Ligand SMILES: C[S@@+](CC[C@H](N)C(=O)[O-])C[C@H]1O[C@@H](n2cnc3c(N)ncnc32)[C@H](O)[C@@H]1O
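Heads up, the chain below is alone and in the form predicted on its own; it's given as structure tokens.
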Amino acid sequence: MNDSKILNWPGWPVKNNPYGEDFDLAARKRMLAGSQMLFPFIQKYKKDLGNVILEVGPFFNPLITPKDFPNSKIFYWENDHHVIKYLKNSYPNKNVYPIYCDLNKIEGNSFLKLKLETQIFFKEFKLHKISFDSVVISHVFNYIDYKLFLMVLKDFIKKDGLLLINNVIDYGLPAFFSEKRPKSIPDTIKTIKKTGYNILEQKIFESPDKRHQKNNRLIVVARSNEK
């Protein structure tokens, strides 16, 4: 199957793409390749990711899948209804739990709805509270209030749970960027520490294409400290 078919996602057509070169076929291939740079870190820490894993904003190409984690319960928090439908169809009866989550409104009624919908499954597991063993977040921070999200996440991740982050400042679809996105790599690192995570490993990768990706890539592996 050619790239145009693979990357012509429901709700995000290649032919009638309204975002120009920010999200044309070449841009999608670059974004996908960039997201996959987290794979070596996922493999490195695979034994520590645990049995209940959350991937935030997986879009149509999740990094955590039943193929690689057949014995894990995998949650996806995603704010695109087309993606939710795709994930449900792709992984039926595979211990995969896609949940719609408005990542731009991780507070108030929206937050309560997310918590309640997630809690339903944990009760099925005979667990009294939401407690993820690990969380993976790739190419999401530019679209959300990332400081608030990291603070909220503390209530959902177990003590010593792993957090894997992959982000490039101001890289992606500018039409959807949040004003509360990270402004620099030092700012991102400082916020991760300040919101209650101990950094185990951080790597900065130089941009391979300054025209389309002006800033370098930050990958962080951190551990949730005492709540």
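Note that residue numbering follows the sequence shown and begins at 1. As the structure is a prediction and not an experimental result, all values here were calculated from the model.
Not on display, but discussed next: the form predicted together with this ligand.
- Contact with this ligand in the predicted complex, defined as a heavy atom within 4.5 Å, holds for exactly one of 188, 65, 35, 195, namely 35.
- For the options 52, 168, 31, 42, the residue carrying a heavy atom within 4.5 angstroms of this ligand in the predicted complex is 31.
- The closest heavy atom approach of residue 58 to this ligand in the predicted complex falls within 4.5 Å.
- Of the heavy atoms in residue 140, some are within 4.5 Å of this ligand in the predicted complex.
- Residue contact with this ligand in the predicted complex: residue 80 places a heavy atom within 4.5 Å of it.
- None of the heavy atoms of residue 150 is located within 4.5 Å of this ligand in the predicted complex.
- Proximity to this ligand in the predicted complex, taken as heavy atoms within 4.5 Å, picks out 103 to 111 from the listed stretches 103 to 111, 152 to 160, 124 to 132, 90 to 98.
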